[in-house]
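A lone chain, given as structure tokens: the form predicted alone.
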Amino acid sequence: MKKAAMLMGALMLGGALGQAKGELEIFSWWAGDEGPALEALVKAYSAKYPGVEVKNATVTGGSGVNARAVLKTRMLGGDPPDSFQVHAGQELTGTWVAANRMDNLAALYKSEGWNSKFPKGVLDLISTKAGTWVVPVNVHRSNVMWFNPAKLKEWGVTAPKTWSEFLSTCTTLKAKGLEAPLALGENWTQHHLWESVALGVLGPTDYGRLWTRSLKMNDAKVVRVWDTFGKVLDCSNKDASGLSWQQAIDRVMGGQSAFNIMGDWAAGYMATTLKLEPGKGFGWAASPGTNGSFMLLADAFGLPKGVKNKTTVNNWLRLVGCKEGQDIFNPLKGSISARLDSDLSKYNTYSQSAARDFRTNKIVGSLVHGAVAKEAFMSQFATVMEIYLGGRSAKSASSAAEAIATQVSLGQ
């Protein structure tokens, strides 16, 4: 009798899955080398819901710079994607939740038992007093320094642990004929570098105080961040603006540069696309001065208000949030699961080390990737960077950052 009931249940489930029909547009910036992880998740969705036509809508551009501009046009124009990629934190809550453009997913979290499956720190980034707004698919680490172990051995240097040691190592490498020890890419990667320098110079407590406004942007400590940042830039390639982040990584792997500071989607690129073995083909360390700190960003998907078929979207969110879905996606992406119960045997040695650090390190949020500052400040940080690069004045950059922070009411 029990077997018959189980069989009937399986048939009913299969029928329910087969009856799911319609379309599902998934909007993201995961294209090219970042595409395989999302494609694997879409494939899993299509296997569960074969009657649903999935449109994998990607807008190319590192860190979602271009995608966010397209998304804003669509959301404000009344044409939201069925579900879109967004960074957890202020990029989500300070923009789309504040504008009342997202459905509350609290009931979904309750039905799936997710409130006990995600860490409190992650839940805090995706929730307000009014509800829970998205489902995190991963956790990335921003503050990672990548290198080629064989080349460092050849050059007789080791991965520097502080920014002072980094600058000394760069001097040594330049004397050996390496013109640009640090590989940099297009503009947003310079902003990404800045936040690692800031964390390394300020430490996690003062770095966190920047975003609550208890440490002003023009404080002498922050001026020192810009001074250090300028010295680090002097170690980099002059053609950075013409390179993608992947091309900057390629220079490190090819021995034209020694180091690159990038989030651990770079691990996904090196392991999945370049087929390099973690620890042998590529090495890593916390960016200088940040050992013991984990600078977090998390990608997530939600349910915008006004979509036509909530059923297909909710089924997508269930897959995104379940253990199976996260363990399909993250080993390919270079990220770790946002859940507490992921199967680490499915992850490579880099991701296993990141998961350990996530559980033991001091967690801080990324500026560039939407965690700690509202979009109004994050977008205008580009102006601060232009001011600094134009005159290399640390005081001018700090003063500009403070003025913008005041203007946009950062921290409120």
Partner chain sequence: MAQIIQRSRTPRPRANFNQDRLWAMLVILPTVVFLGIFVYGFIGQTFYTSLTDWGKDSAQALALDPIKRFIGFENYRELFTGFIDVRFRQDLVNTFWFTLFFILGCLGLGLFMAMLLDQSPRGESFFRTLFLFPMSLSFIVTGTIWRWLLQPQGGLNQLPTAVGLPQGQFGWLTSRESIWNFNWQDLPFFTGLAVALVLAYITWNAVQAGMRSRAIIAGVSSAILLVWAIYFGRGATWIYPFPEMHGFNFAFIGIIMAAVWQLSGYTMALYLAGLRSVPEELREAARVDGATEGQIYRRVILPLLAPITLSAIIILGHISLKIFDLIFAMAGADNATTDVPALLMYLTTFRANQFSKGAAIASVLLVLVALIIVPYLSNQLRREKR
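Positions refer to the first chain, counted from 1. Note that the coordinates shown come from a computational prediction; the quantities given were computed from them, not determined experimentally.
Heads up, the form predicted in complex with the partner chain isn't pictured, but that's what we're talking about next.
For this session: Taking 4.5 Å between heavy atoms as the contact cutoff, choose which of 169, 85, 260, 95 touches the partner chain in the model of the complex.
Result: Filtering the options by heavy-atom distance leaves 95.
Exercise. If you check 291, 115, 241, 212 against the partner chain in the model of the complex, which one has a heavy atom within 4.5 Å?
Worked result: By the 4.5 Å heavy-atom cutoff, the listed residue in contact is 241.
Exercise. Does each of 107, 126 and 137 have at least one heavy atom within 4.5 Å of the partner chain in the model of the complex?
Worked result: Result no, not one residue of the spot touches the partner chain.
Exercise. Which one, 44-52, 358-366, 375-383, 22-30, holds residues whose non-hydrogen atoms are within 4.5 Å of the partner chain in the model of the complex?
Worked result: Within 4.5 Å of the partner lies stretch 375-383.
For this session: Report whether the minimum heavy atom distance between residue 349 and the partner chain in the model of the complex is within 4.5 Å.
Result: Answer no; every heavy atom of residue 349 is more than 4.5 Å from the partner chain in the model of the complex.
Problem set entry | the partner chain contact at residue 73 in the model of the complex, heavy atom, 4.5 Å | Close contact exists here: in the model of the complex, residue 73 approaches the partner chain to within 4.5 Å, heavy atoms only.
For this session: Determine whether any heavy atom of residue 69 comes within 4.5 Å of a heavy atom of the partner chain in the model of the complex, and answer yes or no.
Result: Residue-level check for residue 69: yes, a contact with the partner chain.
Exercise. Might residue 387 be said to contact the partner chain in the model of the complex, defining contact as any heavy atom within 4.5 Å?
Worked result: Heavy-atom contact with the partner chain at 4.5 Å: present for residue 387.
For this session: Go through 390-412 residue by residue and record those having a heavy atom within 4.5 Å of the partner chain in the model of the complex; state none if no residue qualifies.
Result: Going through 390-412 in order - heavy atoms within 4.5 Å of the partner chain in the model of the complex - the hits are 390, 396, 399, 400, 403, 404, 407, 408.
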